[in-house]
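Presented below, as structure tokens, is a lone chain in the form predicted on its own.
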């Protein structure tokens, strides 16, 4: 993501000055907005064997030589301080905090170079880098593009807010995250099949582009909403959908904290417009998707199922009601959950 421009303006892993201002103030030392530190952490033994100024070989998990790091700095950092500021908690049961605590004690910093751009092992068809997506938008004549971040299979509430956004922009960049996620999240290949179904049957194909976001999920709630918006700006989006509890996990963040945090930045600073949506549901009185802004219904007239309830139904081979999920998508999820 650094090398292809997905994390622009970053050219490499953060040096101490940038790391500290990002953790404290959600800004790089230059003053540019950046809400989550992007670091390469190693243990003390490895750090001691490396010298600042040297070039470091970077391998993938299989040991393949994929890139180089010009080591400009190595420094210790405070894990609990990072956890508290970035994730809002020091609890190790938080998946993002758990990753921080399991990292090495020393950060390696400096610019990186990718030796070659290989196809994504699972989704080469949908591997669209920022330079390509920006050109694709231009070729289609799109001047306004809304990005949508998701780590979950698409359901009717997602579809509703995406189509609401499509009413006021030229195109939708459907950009599911396929990097590392929690063990109980739906696997990326299953989610991608669900998106393909939606593209084929329920979306205007000339107004939607489906592509993968290969980065990892951090579950940082409000800070990750800013992070996701900045990444989509790099891909060429002018707008970004921010829903209820964006990038949240458990009860760590308030319902709309991920929307409120955008008020801490001037619109021109971020360079992308947040489109803030209320929690969507199916209203049995009006017989359509709605939010509290548009529905006159009482709570008992709204169909909303929790993720836990839906997973229970799918494991039993039960289809969620069509007001919650398209039947073709539900059938794909049942097959995956039962396997």
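Positions refer to the first chain, counted from 1. Quick caveat: nothing in here was measured; it's all calculated off a predicted structure.
Beyond the structure shown, there is the form predicted together with a further copy of the same chain, which is absent from this document and is the topic of what follows.
Checked against a further copy of the same chain in the predicted complex, the candidates 287, 54, 64, 30 yield a single residue with a heavy atom inside 4.5 Å, and that residue is 287. Taking a 4.5 Å heavy atom cutoff to a further copy of the same chain in the predicted complex, the contact residue among 251, 189, 119, 167 is 167. Taking the partner from elsewhere, residue 35 is found to have every heavy atom lying beyond 4.5 Å of a further copy of the same chain in the predicted complex. Within 4.5 Å of any heavy atom of a further copy of the same chain in the predicted complex lies no heavy atom of residue 299.
Proximity of residue 41 to a further copy of the same chain in the predicted complex falls outside the 4.5 Å heavy atom cutoff. Although the partner is absent here, residue 98 is not a contact residue: none of its heavy atoms lies within 4.5 angstroms of a further copy of the same chain in the predicted complex. Residues placing heavy atoms within 4.5 Å of a further copy of the same chain in the predicted complex fall in a single listed stretch, namely 268-276, out of 45-53, 22-30, 268-276, 309-317. Every member of the trio 163, 295 and 326 reaches a further copy of the same chain in the predicted complex with some non-hydrogen atom inside 4.5 Å. Along 127-160, residues 156, 159, 160 each place a heavy atom within 4.5 Å of a further copy of the same chain in the predicted complex.
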